[in-house]
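Below are two forms of the same protein chain, given as structure tokens: structure 1, then structure 2.
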Structure 1
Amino acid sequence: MRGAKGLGWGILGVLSLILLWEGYKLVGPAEGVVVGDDGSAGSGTILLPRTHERAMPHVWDMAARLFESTSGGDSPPLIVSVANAALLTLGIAALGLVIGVTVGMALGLVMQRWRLAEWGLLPWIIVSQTVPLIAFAPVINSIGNQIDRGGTPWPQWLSVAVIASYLAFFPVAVGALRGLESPDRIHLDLMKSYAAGYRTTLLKLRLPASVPHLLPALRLGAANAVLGVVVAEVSIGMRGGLGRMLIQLAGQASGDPAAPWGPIFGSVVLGLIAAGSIAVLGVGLKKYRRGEASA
């Protein structure tokens, strides 16, 4: 009941956005609203965006474009190419998420267990997220190739997954640490009074208690994994995924402005699927979230 209502409002929201886009396109000047233009190229500040076809294609053109062939000739319809690419990207993102969650959980556990580890690692974990992906994606790719040459097979998608895991691990590590430290003093005292060891306390108390913190972290991690895969695909040019499709179709944005929107929609849908799958996981873990309502 509430879900249906929420869905209704959501659809209305998307419709309003479309209306806003088309409405502005209808009334807005093709060259946008510019102030401080001194006549030379690229001068001035655009306050309102350009509305011509190359800047803001009609929504229905974007939609229709999905059913036209991807790049002419006998190439498949755009929507099919996007779907295929999205599947590959999703698969790699899932792997990236698994790696990220493994590393993040391990870090969270270590940091929770030893305060010294938390002090020593946490600042660097935070710093790590200020390093742009584009800087080290080629490095990872190159190390991957090195390993591959060394005889251990290291396919390119593995590099992509590792790069994606770099974005995915962060929220998980932080969320795990916070979650594992979330049990009340009273619960910890209780476990101590039972003479329960670290392992028992972890399994019976800390892990279950961390679920409400882990779920949002996982959701962020999943979305990040998809974003990471797309960027990594762009960066190392891996074939078959959404990332490379994005740059490839961006190359024809002048003559075929609706085309790049295909993979953009694809990656948005993918991100939503990734985040949504965590929501499904959350339903499965419902009993561990009983405390949430009151909080």
Structure 2
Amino acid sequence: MRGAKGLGWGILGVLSLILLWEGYKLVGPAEGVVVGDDGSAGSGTILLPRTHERAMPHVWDMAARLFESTSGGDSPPLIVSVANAALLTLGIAALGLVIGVTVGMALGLVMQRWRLAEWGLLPWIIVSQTVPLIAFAPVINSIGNQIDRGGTPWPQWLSVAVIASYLAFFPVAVGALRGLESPDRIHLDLMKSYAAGYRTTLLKLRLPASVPHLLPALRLGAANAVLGVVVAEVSIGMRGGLGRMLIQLAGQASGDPAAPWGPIFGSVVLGLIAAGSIAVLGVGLKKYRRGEASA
């Protein structure tokens, strides 16, 4: 019943978004609402978006475009091209998530074990997320190219995976720290009364107690990994993924406004798949999920 209720709310949310989109397109001005327009090109500030067909196609036009040829001729339908690009993006995101979880868990363990490490590392972990990813991605790509030229193979997709892990590690590190510190004092004292060492306490108490905090953090990390891959593909121009496809189709949007929405929908679906995979993992950890924190 709980799962069915969540699914129902999700469907209702999608329908509400569609109604909002079509409702605004119906009543909104074709050229939007511009303030401070003096007649010169580029003047004024747009307060409300345009609603003409090139800027805001109908939802059913976007859906129909998925089953049309990607670029004309004998090219496959757009939905097939999006699916092929999504597979590459999903694979890189999975690798980025693995790297991010490994780094995040390691940082969480170190910060929980030594209070001085928490004081020194946590502020920098938080500050790291203020760096714009679109500026950080070319730096990582440049470092990867230097490593590759130095004789060590470093494919471009590995740079993208590292960039994705940069977004994924943060919620995992914070969630791991909070979860590992969540056991009550009385439970820790009980482990001490059994003469349990740090390793036994970690495996038998702290890690199981951290599950309600780790699962929401992993869901956020998985979605962030997908976002990181798409943005990195756009920033460094890696071919084959959803990010590159989005840029290519956006360049043709003036004549085919519904096409860029294909890879956008693909990115949304990938985010749901990534978060859903963590939900499947949570099924096997059901007995540890009492009092689970919200994502």
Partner chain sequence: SSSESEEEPTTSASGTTEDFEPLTSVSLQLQWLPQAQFAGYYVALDQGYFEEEGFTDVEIIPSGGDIVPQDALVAGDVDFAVAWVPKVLGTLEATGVELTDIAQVFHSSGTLQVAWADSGIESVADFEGKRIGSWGFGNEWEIFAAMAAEGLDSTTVEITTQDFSMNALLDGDVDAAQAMTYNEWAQVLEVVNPETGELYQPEDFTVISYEDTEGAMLQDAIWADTARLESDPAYADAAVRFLKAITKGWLYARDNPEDAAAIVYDYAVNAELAYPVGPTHQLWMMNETNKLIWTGDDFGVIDSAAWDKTVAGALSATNQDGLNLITTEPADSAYSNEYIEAALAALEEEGVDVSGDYTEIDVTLTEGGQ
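So that the term is clear: the rigid core is the largest set of C-alpha atoms that superpose within 1.5 Å between two forms. Counting starts at 1 and follows the sequence of structure 1. For clarity, every value in this text was computed on a predicted model and none was experimentally measured.
> Which number belongs to the form predicted on its own, 1 or 2?
Form predicted on its own: structure 2.
> Enter the domain rotation angle in ° for the smaller rigid part relative to the larger one between the two structures.
The answer is a rotation of 14 degrees for the smaller part.
> With both forms fitted on the core, how large is the C-alpha shift of Leu15 between the two structures in Å?
Comparing between the two structures after core fitting, Leu15 shifts 2.8 Å at its C-alpha.
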